[in-house]
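Below you will find one chain, with nothing else, as structure tokens; this is the form predicted on its own, and questions on how it binds or moves follow later.
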Amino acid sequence: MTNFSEMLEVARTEALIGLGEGGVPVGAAIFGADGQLLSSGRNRRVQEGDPSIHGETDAFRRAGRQRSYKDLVMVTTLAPCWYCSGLVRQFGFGTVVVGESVNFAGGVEWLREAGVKVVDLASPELIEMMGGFIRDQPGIWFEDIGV
């Protein structure tokens, strides 16, 4: 699979599951250089009571150990926060696909400055979903981003 929109669909499905569970609707997935799905995950901070379980970190943990991350693609429904952007930089992911960065820009520019290829798909559906969540659950949202 090399179609970024198809990859994003995996992350979007995780985000919808998280929203249905009462959590922050951020999903992520990791794909190999060949487009093969390695893992997917979702923000489960609320569900698990663990502030470290963001969508990207959940997918990262589920992917298991990798010898190298430079050819892997991290796909996330929302621009990664500083915490998750740090994970991308620490492990050297070469590409990050972002579903939307309108509601939250996160560390997108910082990743680009470090040479990470960032593809922002600006999904209207994801922009609306995250915007609605922020409007309806501001306390959980601000807790999630550390404000």
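Sequential numbering from 1, following the sequence displayed. Because the structure is a prediction, the values reported are computed rather than measured.
Note that the form predicted together with another copy of the chain isn't included here; everything after this is about it.
- Picking from 34 to 42, 94 to 102, 56 to 64, 117 to 125 the stretch near another copy of the chain in the predicted bound form, with a 4.5 Å limit on heavy atoms, gives 56 to 64.
- Although the partner is absent from this view, D50 contacts another copy of the chain in the predicted bound form, with a non-hydrogen atom inside 4.5 angstroms.
- Although the partner is absent here, G20 sits far enough away that none of its heavy atoms falls within 4.5 Å of another copy of the chain in the predicted bound form.
- Although the partner is absent here, L87 sits close enough that one of its heavy atoms falls within 4.5 Å of another copy of the chain in the predicted bound form.
- When contacts are judged by a 4.5 Å heavy atom cut-off, V108 does not count as touching another copy of the chain in the predicted bound form.
- Residues of 20 to 38 placing a heavy atom within 4.5 Å of another copy of the chain in the predicted bound form: none.
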